[in-house]
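In structure tokens, one chain follows: the form predicted on its own.
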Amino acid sequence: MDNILQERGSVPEEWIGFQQLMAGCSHAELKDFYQSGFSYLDQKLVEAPCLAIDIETTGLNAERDKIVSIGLVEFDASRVYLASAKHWLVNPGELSDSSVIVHGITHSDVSRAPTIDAVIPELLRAMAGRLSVVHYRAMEREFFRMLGFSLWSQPWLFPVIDTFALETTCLKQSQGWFDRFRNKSLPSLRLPDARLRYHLPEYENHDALVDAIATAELLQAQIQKWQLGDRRVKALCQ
């Protein structure tokens, strides 16, 4: 495996080649995930089957901290399929007081929860063949990458659309020339604040499933406002 894929923030230069390489890996669950392919990369965004994903963790350092909950929901450009929603609490072994304050998940909540290796098979099946959508990829991408090293001794990587990055790009492109010349600061890109700009309802924050649904709705709104439906997925992926 190319050493660059072990570096924080690095991704393959060419996703299909990486997918074909990983489809030959020796770990059955991971092999099935990659064999499902990334065919959505060549689809228009309006046609792509999407999966919004959010995680809550014990901290912000993917090399040290652990996942404590995962939420996901299937959607497309016009509909969120709430019947597909899944939410797992995960026992990380230990919680920090600061993380409990943020997401409200306590030691008693996770004491009987499964460990991450028990959750992974169902998570992989849910993600297979779907375009992953997150808000701020530095979280999900890095935690899943490090999870791959922990479980399979290799990185777990896949294309994502990042609504945080997409919002940044769209807002910058909508600025007038004078604001760009002054390098005017953008408004808040936090998920709740971004949603307010599209007149989306306010939801409770730091619940993995609620944030996954909120991310799905945000991408739908971005597609409509910025006329992104005919863009190819591979041009928008990170």
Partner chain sequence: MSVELPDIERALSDYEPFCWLPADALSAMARSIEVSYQQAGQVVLALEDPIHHLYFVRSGEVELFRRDGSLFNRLPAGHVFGQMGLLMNAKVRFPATTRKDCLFYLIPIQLFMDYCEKYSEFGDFFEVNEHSILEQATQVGTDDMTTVPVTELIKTEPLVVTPDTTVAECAVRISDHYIAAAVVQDEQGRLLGIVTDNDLRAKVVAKRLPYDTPVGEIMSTEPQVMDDHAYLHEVMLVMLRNNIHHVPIVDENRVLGVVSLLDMVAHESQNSLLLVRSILSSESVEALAQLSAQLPAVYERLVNEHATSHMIGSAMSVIGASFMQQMAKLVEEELGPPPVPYCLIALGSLARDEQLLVTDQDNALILSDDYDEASHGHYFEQFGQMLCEGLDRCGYPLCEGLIMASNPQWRLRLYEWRDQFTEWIENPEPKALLNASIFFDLVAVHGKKKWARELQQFIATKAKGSKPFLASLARNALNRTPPLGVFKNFVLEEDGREKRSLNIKRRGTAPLTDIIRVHALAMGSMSQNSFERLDDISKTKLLPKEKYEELSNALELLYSMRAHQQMLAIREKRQPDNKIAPDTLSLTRQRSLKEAFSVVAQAQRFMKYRYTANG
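Positions refer to the first chain, counted from 1. Predicted model, so just to flag it, every value in this text is computed and none were measured.
The form predicted in complex with the partner chain is left out here; the points below concern that form.
Chemist: For the three residues Ser78, Glu217 and Ala221, verify that every one has a non-hydrogen atom within 4.5 Å of the partner chain in the model of the complex; reply yes or no.
Modeler: So, yes: the whole triplet contacts the partner chain.
Chemist: When the partner chain is placed as it is in the model of the complex, which of 160-168, 123-131, 147-155, 81-89 ends up with heavy atoms within 4.5 Å of it?
Modeler: Heavy atoms within 4.5 Å of the partner chain in the model of the complex occur in 81-89.
Chemist: With heavy atoms only and a cut-off of 4.5 Å, decide whether Asn205 touches the partner chain in the model of the complex.
Modeler: So Asn205 counts as contacting the partner chain.
Chemist: Tell me, yes or no, whether Leu209 is in contact with the partner chain in the model of the complex, where a contact means a heavy atom of each within 4.5 Å.
Modeler: Yes, Leu209 is a contact residue.
Chemist: Considering only heavy atoms, tell me if Leu189 and the partner chain come within 4.5 Å of each other in the model of the complex.
Modeler: Heavy-atom contact with the partner chain at 4.5 Å: absent for Leu189.
Chemist: So in the model of the complex, does any heavy atom of Ile213 sit within 4.5 Å of the partner chain?
Modeler: Yes - in the model of the complex, heavy atoms of Ile213 and the partner chain come within 4.5 Å of each other.
Chemist: Do any residues of 59-76 have a non-hydrogen atom within 4.5 angstroms of the partner chain in the model of the complex? If so, which ones, in sequence order?
Modeler: Going through 59-76 in order - heavy atoms within 4.5 Å of the partner chain in the model of the complex - there are no hits.
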